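Before any questions on binding or motion, here is one chain by itself as structure tokens, the form predicted alone.
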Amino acid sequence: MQKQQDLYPTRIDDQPRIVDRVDPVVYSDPVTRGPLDYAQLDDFEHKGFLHVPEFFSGDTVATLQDALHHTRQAEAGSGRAEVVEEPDSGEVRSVFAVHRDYPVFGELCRDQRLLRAVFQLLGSDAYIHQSRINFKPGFRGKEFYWHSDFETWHAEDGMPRMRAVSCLIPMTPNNQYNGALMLIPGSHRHYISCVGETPQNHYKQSLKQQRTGVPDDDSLRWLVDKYGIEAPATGPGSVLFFDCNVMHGSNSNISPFPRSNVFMVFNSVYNTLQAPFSADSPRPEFLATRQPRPLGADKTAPTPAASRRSHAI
């Protein structure tokens, strides 16, 4: 298969660049049916993210929280490649491919209401590009530095276009004290081309602390001066949808309150991975699905129509 033109080059120049996005933000037709209404889709297009409270029932949340607790106990000290430990304490930091290895999370990624919302945003069926749980324990949970997910997925996985969305599903309260996700609203309209070649097997270091593929100080300051920073307070039962290119990060957690989130990354079936654009070899399958299985959103389900304005940039 012929490789697509690289519209978002990165890690090839000795100076960073800010490139305007050329892809849509919301791909669906204006009247696509689904759980997100006009105002919500408009908000996502404008900011690059959308917080939806009370998306899941209390029973669903309780089931997910039990599964999260079991996952953490099962993976502590397992030594599996899918498990990332905190660099200092050795506590579990992240567990990847949870939709594959744990049935509860496999069912979560097939939740029809979630899939119909994803279909509204991506305009197509989707598959799981990546799933993970991020733990940020109290007192010792380390930060996740500012980054665009798409920059890494493009450079190291070969994701060609900006047609993927992440769903953050909180398992604990996320607030100003325990390192809630911070996002730069509007930053999804700009792509930061980073400097520095991708090291061999970069993921082994970057999952603990990322240095290559992060924005330079001047570009980050330009984004924040232009758009500001928001840190939505989220809690169990809600969902935070965010665009693959929105700039985000989180502070360390020195509070006593742990912060745990499930992430499901949905990629359009029309945006499947190619060879990496800025790395010698692709990352492992547990980080980037190269054999996609479409999830099959039920687009005929009786949910309100979401008429809205054009989503042209």
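Remember, it's a predicted structure, so these values are computed and weren't measured experimentally. Numbering starts at 1 and follows the sequence shown.
This next part talks about the form predicted in complex with a further copy of the same chain, which is not shown.
J.: Heavy atoms within 4.5 Å of a further copy of the same chain in the predicted bound form: which stretch in 144-152, 158-166, 236-244, 104-112 meets that?
T.: After filtering at 4.5 Å, what remains is 144-152.
J.: Considering E85, E82, D125, E230, which brings a non-hydrogen atom within 4.5 Å of a further copy of the same chain in the predicted bound form?
T.: Of the listed residues, the single hit is E230.
J.: Sort through S260, S250, Q40, S28 and report the residue having a heavy atom within 4.5 Å of a further copy of the same chain in the predicted bound form.
T.: Filtering the options by heavy-atom distance leaves S250.
J.: Would you check, heavy atoms only and a 4.5 Å threshold, whether T63 touches a further copy of the same chain in the predicted bound form?
T.: No, no contact at 4.5 Å.
J.: Do C194 and a further copy of the same chain share at least one heavy atom pair within 4.5 Å in the predicted bound form?
T.: No - in the predicted bound form, heavy atoms of C194 and a further copy of the same chain never come within 4.5 Å of each other.
J.: Taking a further copy of the same chain as it sits in the predicted bound form, is I254 in contact with it (heavy atom to heavy atom, 4.5 Å or less)?
T.: Contact check for I254: yes, within 4.5 Å of a further copy of the same chain in the predicted bound form.
J.: Might L220 be said to contact a further copy of the same chain in the predicted bound form, defining contact as any heavy atom within 4.5 Å?
T.: Yes, L220 sits close enough to a further copy of the same chain in the predicted bound form that at least one of its heavy atoms falls within 4.5 Å.
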